[in-house]
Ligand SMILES: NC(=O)c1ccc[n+]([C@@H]2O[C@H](COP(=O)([O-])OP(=O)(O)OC[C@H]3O[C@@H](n4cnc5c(N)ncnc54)[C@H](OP(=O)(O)O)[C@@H]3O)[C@@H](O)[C@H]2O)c1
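In structure tokens, the next block holds one chain alone, the form predicted on its own.
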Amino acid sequence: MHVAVTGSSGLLGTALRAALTHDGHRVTRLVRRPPSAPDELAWSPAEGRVPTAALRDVDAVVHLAGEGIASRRWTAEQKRRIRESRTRGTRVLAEALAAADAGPRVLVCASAIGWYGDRGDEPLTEDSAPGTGFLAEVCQAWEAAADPAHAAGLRVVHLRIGIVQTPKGGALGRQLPVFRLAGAARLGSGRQYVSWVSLDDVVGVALFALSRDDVAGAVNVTAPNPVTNAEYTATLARALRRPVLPLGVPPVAPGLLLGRELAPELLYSSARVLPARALAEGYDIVDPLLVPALRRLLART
């Protein structure tokens, strides 16, 4: 296949490009700067500009671009940037693909399990109702922004990605130096669910979605065995041979660093998300269990 990828220099995009290339596919990078290599094409979500003519020989587009959720404190301006970076870019791309008379017929878009909001211990599948809160509203608007492509007959897949596990970055990458230096501590009561997923499975489900003509709509990208924050903390501490501190971290502490709104939604909310669709369609999960997954991932560090 010939696949165009936005967000290709990020954590997920870099891993996906490597996997696509390894499998013999051709990858074109959609970049928001002047192209500097033969495999790059410029696009501008802010200006509504997509190189439609150059995409005529592309089979599929994977859209991963978006402002980092936790890259800055959640001011009103930063929340606007987070929402617009997802909704505007997705809509511009979807409308361009919908209007094209040739080119990609598949659009695979990143989304997130934030779509479900804070749901306690309720098992959540792709058929569950949407949640509430800022992240839930962003994810719902993010997915809705791809509606023009769906209405035009493209196969659209929304990857609702969980908490990605890789020592190269993301949540695990940020925790490792702290846990190694000071030990591990649960967040609050530790009863909130962590719907984790290895980076290898994020890439695997994306490739699966690209290759299967019968897969469309929402697909939860999580391991089938989510754990509570207390379980996750203890498991990571054992893998690092570090102690688990007796007291939980109250929301006020991360709130001072991340902001009073970001910390509760990002760290203390609970979503027990299950990959029902991927399992039903026959995807073979690489890392179903946290203990062996962390052992394998940490062996690379």
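It should be emphasised that the depicted structure is a prediction, and the values quoted were computed from it without experimental measurement. The numbering used is simple: start at 1 and walk along the sequence shown.
If you look for the form predicted together with the named molecule, you will not find it shown, but the lines that follow are about it.
Note on the partner interface in the model of the complex: the residue among L290, L12, L20, I285 having a heavy atom within 4.5 angstroms of the named molecule is L12. Taking D39, E261, D59, E67 one by one, only a single residue has any non-hydrogen atom within 4.5 Å of the named molecule in the model of the complex, and it is E67. Contact check for G7, P45 and G162: all three have a heavy atom within 4.5 Å of the named molecule in the model of the complex.
Judged by heavy atoms within 4.5 Å of the named molecule in the model of the complex, the contact stretch among the candidates 175 to 183, 108 to 116, 227 to 235, 150 to 158 is 108 to 116. Although the partner is absent from this view, R32 contacts the named molecule in the model of the complex, with a non-hydrogen atom inside 4.5 angstroms. The closest non-hydrogen atom of S128 lies beyond 4.5 Å of the named molecule in the model of the complex. Contact annotation for S211: none of its heavy atoms lies within 4.5 Å of the named molecule in the model of the complex.
Using a 4.5 angstroms threshold between heavy atoms, T132 stays clear of the named molecule in the model of the complex.
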